[in-house]
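First, one chain by itself: the form predicted on its own, in structure tokens.
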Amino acid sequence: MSEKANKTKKYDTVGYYPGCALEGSGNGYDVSTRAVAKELGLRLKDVQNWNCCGAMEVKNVDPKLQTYLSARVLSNAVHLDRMNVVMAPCNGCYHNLKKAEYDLKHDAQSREVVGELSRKAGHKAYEAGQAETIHALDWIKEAIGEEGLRERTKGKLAGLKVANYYGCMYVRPRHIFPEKDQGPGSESTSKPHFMDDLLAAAGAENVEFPLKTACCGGAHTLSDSDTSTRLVLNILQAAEAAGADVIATECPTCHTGLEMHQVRAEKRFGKKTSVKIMYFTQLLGLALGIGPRRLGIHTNISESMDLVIDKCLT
């Protein structure tokens, strides 16, 4: 078996860590990810007894505790599920699992704290290198690839103009993503392209979108709503100026922020935008012939059904 075939087979079955948001406000991301996996013949094995990765509040109180929470998820995947690849669709979860991996490899105090808390909790401590953490974009890119998507989708998204929005945590800080910026075939931290590649393979037209890694202000949406609304408005207006029909997202926090602040921008500042917001898995699912309800499109705040009918179901 070739090296490429071995690599592809490695991602056929992955440990699935949905994280807190995908069981709540990001449910459309969860159901569309599961539906796409089934359609592509890939298997998601839910990590047993997973917990919050400590994305926001916990790491502000105690960064080492946050490292432990993420390490516990990885420990469960490795020791309970016997998985060596963990896929996290949420940028926050993905970021924190990668950060825990980095901390455990480079920081003795982190290893000490994780070891002690793991002992008290009665489970094996996770050790750096026992699993590979990947994002949903990596997973589909490596397991199926652009050519595989072209064969399966037959250009179904042709005529749809997409602004791909990655958010800031997918690529920052760079040092916790050593697999990126490794030349041809790898993801870029300055100009990420995996989502562009996958949606283009399904026939979509990716517009030139300069704010694809700009911050949406998600972490500050409660403490400083006006700032978050202005940041989101910048993103929405840039996408419209680029001619996009839809903004494709790959993070539940970013997605919810774009949707909610699109509504708030009109009410608070009188600034109306009409670009739609959809998860990239919802768009791929449509290209694969999966029905909108199975993809959770009806649960989006952004009213996308007219766009779906006009651009994707004709």
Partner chain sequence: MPIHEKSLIRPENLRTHEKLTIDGVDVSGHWSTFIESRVITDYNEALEAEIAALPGGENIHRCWQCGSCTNSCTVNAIEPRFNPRYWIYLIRMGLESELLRDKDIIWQCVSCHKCTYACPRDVVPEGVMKATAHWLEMKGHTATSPSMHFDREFTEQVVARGRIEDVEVLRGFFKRTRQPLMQDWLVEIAWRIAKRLPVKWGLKSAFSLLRKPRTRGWAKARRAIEDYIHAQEEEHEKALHIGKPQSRPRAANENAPVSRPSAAE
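Quick caveat: nothing in here was measured; it's all calculated off a predicted structure. Numbering follows the first chain given and starts at 1.
Just so it is clear, the following notes concern the form predicted together with the partner chain, a form of the same protein that is not shown.
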Taking the shortest heavy atom distance, is C52 within 4.5 Å of the partner chain in the predicted bound form? yes
Can you work out whether S75 and the partner chain are in contact in the predicted bound form, taking contact to mean some heavy atom pair no more than 4.5 Å apart? no
Is it the case that G217, even though its partner is missing from this view, gets within 4.5 Å of the partner chain in the predicted bound form, heavy atoms only? yes
Is S25 close to the partner chain in the predicted bound form, meaning a heavy atom pair under 4.5 Å apart or at it? yes
Which among 117-125, 132-140, 86-94, 149-157 is in contact with the partner chain in the predicted bound form, heavy atoms within 4.5 angstroms? 117-125
What is the one choice in L288, L44, A35, L69 with a heavy atom within 4.5 Å of the partner chain in the predicted bound form? L69
So which of K161, K180, R172, H106 gets a non-hydrogen atom within 4.5 Å of the partner chain in the predicted bound form? R172
